[in-house]
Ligand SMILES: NC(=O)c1ccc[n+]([C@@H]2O[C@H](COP(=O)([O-])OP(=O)(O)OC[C@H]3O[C@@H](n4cnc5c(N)ncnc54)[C@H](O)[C@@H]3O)[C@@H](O)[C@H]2O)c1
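Listed next as structure tokens is one chain, alone, in the form predicted alone.
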């Protein structure tokens, strides 16, 4: 069944991939994005589609609420966010404005517009905070103990989504994402380590590893994340949180080895002190998503890196 879908942050890295999949499946799509980190170039193919509409607006504004109310979406994919841990540490008020006030505006718009469901992006690393190694991989039953303001604001967003479901009856699902990577990830600003490193490989410059290089993350390819969003949008929302990752730890040191092999290089990164607010280890238990969303990742780390490197070469070659 074709639906009317709102995608906040739809010009961003993950959001634009969600938009492409929705359009390919025949849905009508409205994107709301202030282009602070998103790019219109990410929507180049989408913009030629007759079922696509773009609104240049901030999710914290009443303009976006009014536009969404008029669009009357069936489902809302909420990906617009301040997603940089470092920015949240330096400017927690700004982080809270975007991630908390902005999310409240999105909820308001969804309720006024008669949406049936909201699927929102949360953080699988910062939400749970630093956990004991014996508790890895992290399951959804783990206490939420975010260390960085970014993780705190995402926790509050989830609480407000659950409140909206209880008060207004709108179905909500939150996805705690691992470290997403893939084509279109901007190596500047809030980018993940993979995009940053590949930019250095492309430019034949030396990347910097902060900390020992033994810190781990659950790296998941963007195509698999998109599949998770679509799967969640088909499920009756219960206010649930689902981890979306691979269940596999990959260290920064491992990443460098993969990248050296893929690019046929022998890069030795520069070392620098660890950055405030960042975790030593993070890997997610994805059992619940597998069982309840009937979803599982299909692209392994090395295959995803190969695809991402090919994209970097095409775009920057």
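Positions refer to the first chain, counted from 1. Small disclaimer: the values here were computed from a predicted structure and weren't measured.
FYI, the form predicted in complex with the named molecule isn't displayed, but the following is about it.
With the partner left out here, the named molecule still marks one of 235 to 243, 149 to 157, 131 to 139, 209 to 217 in the predicted complex; by a 4.5 Å heavy atom cut-off that stretch is 149 to 157. Interface residue remark: residue 251 is not counted as part of the site for the named molecule in the predicted complex, having no heavy atom within 4.5 Å. The named molecule in the predicted complex comes within 4.5 Å of no heavy atom belonging to residue 100. Among heavy atoms of residue 14, some come within 4.5 Å of the named molecule in the predicted complex. Though the partner is left out of this view, residue 297 does not reach within 4.5 Å of the named molecule in the predicted complex, counting heavy atoms only. The three marked residues, 38, 81 and 185, each reach the named molecule in the predicted complex, with a heavy atom inside 4.5 Å. Residue-level contacts in the predicted complex: of 127, 107, 177, 115, one residue has a heavy atom within 4.5 Å of the named molecule, and it is 177.
Put simply, of 161, 122, 228, 119 only one has a heavy atom within 4.5 Å of the named molecule in the predicted complex, and it is 122.
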